[in-house]
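Before any questions on binding or motion, here is one chain by itself as structure tokens, the form predicted alone.
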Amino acid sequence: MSDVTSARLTITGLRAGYGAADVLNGIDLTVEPGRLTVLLGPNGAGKSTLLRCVMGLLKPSAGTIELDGTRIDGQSSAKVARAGIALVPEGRRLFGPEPIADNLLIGGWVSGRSKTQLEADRESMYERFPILGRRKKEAAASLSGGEAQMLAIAMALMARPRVLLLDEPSLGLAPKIVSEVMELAVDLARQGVGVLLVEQMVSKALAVADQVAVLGRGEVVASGTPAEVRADTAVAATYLGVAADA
């Protein structure tokens, strides 16, 4: 992904919910290109709802979402993907019966590139994730949890995203694999991708973050560098479940 075209994701005054109930109550958040932004907060705070809005899976009731100054809020998920945003959803959601090789092509299909281009990108995914290359003819359902997460991330990268959204990528994974996923997120950010990581493993997320935002009851209750967020004793204890000096 050395040819990444960087882009800034800007969320302003975002409100959204389900039915008559708002889950997000005026969110302001910026994901800078080439930086890893971590979104923390307890269950029910609205983290996944925010990602759904960005990805075009849920229409906001107010506010704007812009990619390099162009509004994308309210657009279809296909248009959002073509604009340069990719989501690795919680639970991975692979095409289980299909070969790993075909899953990768499906991941890149939305970009509109030719089959030749997609096949070249697929080869680069095999280089990045050798286990996928070795097992490319096997069904995606045969992969272990960690391998399946690597495939899910590779599928998102096949779309050549400018901004990558990761929703709870550590869920159900062994500690060693969690560390590998975190290292991959850092590596992608260093290549120019804007990465927004939603995570429950607070200490690991803070260790890799460039910027942190904390959600509580649909609002940003704190934001800043990891050190700044840790230094806020009330926020650390109430929303992160850790001591300020942990």
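This is a predicted model, so every value here is computed, not measured. The first residue of the shown sequence is 1; numbering continues from there.
There is another form of this protein, the form predicted in complex with a small molecule, and it is not shown here; the text below is about that form.
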Note to self: Residue-level contact is defined here as any heavy atom of the residue lying within 4.5 Å of the small molecule in the predicted complex; does residue 49 satisfy this criterion?
What the structure shows: yes
* Using the partner position in the predicted complex, report whether residue 45 sits within 4.5 Å of the small molecule, counting heavy atoms only. => yes
- Message: Under a 4.5 Å heavy atom criterion, is residue 23 part of the interface with the small molecule in the predicted complex?
- Response: yes
Partner contact check in the predicted complex: of 189-197, 37-45, 64-72, 203-211, the stretch with a heavy atom within 4.5 Å of the small molecule is 37-45
